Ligand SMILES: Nc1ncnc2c1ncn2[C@@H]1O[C@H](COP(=O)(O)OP(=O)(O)OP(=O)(O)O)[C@@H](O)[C@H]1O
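First, one chain by itself: the form predicted on its own, in structure tokens.
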């Protein structure tokens, strides 16, 4: 049985055509209880048990998508503080794995440097590990899924869809300027890699956004403006979804 959640409001539609009204339709959420074990897979496909998903309360999951430099991480930090979410950055988890000198680290580094997508099983394993270790039941998954293959793998492995999807829409020139100006010492913060990442984003991430748009789950955020100006748009989304967030 499916439960229908009425969305109180929405931000600007993802597309300008009349069909964009899909963003204002009812938000459909599967009431998975997640009280099963052994459904998550390691990167070699072997079933793995995850304690988190055996909890009684269904987690609230928000995917946070947008190109590199669109402001996802900055806004996630503010959402976490204002609304009590745990922020899981797929990019940060991958970079942490690189610095740990694990057997996957070299492969992840080479993949990111080429602007390519890290294998789904690797990223989901890292996300799973963090979720297992945290008592909170509200998660922002930042920068994942980055492709339809990522999305399908996440839903197949976990048995759930996100409750909502935030899409930070930002012009390419602005994203390049932000990434090159942040000077955080990331291995992927250089002009060649950023341009590769933007091409990959356009080719692979937009189909994910389109899929969830059809599901009525996408909130498009105009990411141009000051941090506080953008956050006011984000705040409206979470205020509108207050009844869904337990």
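Positions refer to the first chain, counted from 1. The structure displayed is predicted, hence computed values, not measured ones.
In what follows, reference is made to the form predicted together with the named molecule, a form of this protein that is not presented.
With a 4.5 Å cutoff on heavy atoms, residue 128 does not count as touching the named molecule in the predicted complex; it lies far away.
In the predicted complex, none of the heavy atoms of residue 215 sits within 4.5 Å of a heavy atom of the named molecule.
Of the heavy atoms in residue 182, some are within 4.5 Å of the named molecule in the predicted complex. Proximity of residue 74 to the named molecule in the predicted complex falls within the 4.5 Å heavy atom cutoff.
Looking at 191-227, the residues that come within 4.5 Å of the named molecule in the predicted complex, counting any heavy atom, are 197, 223, 225, 226, 227.
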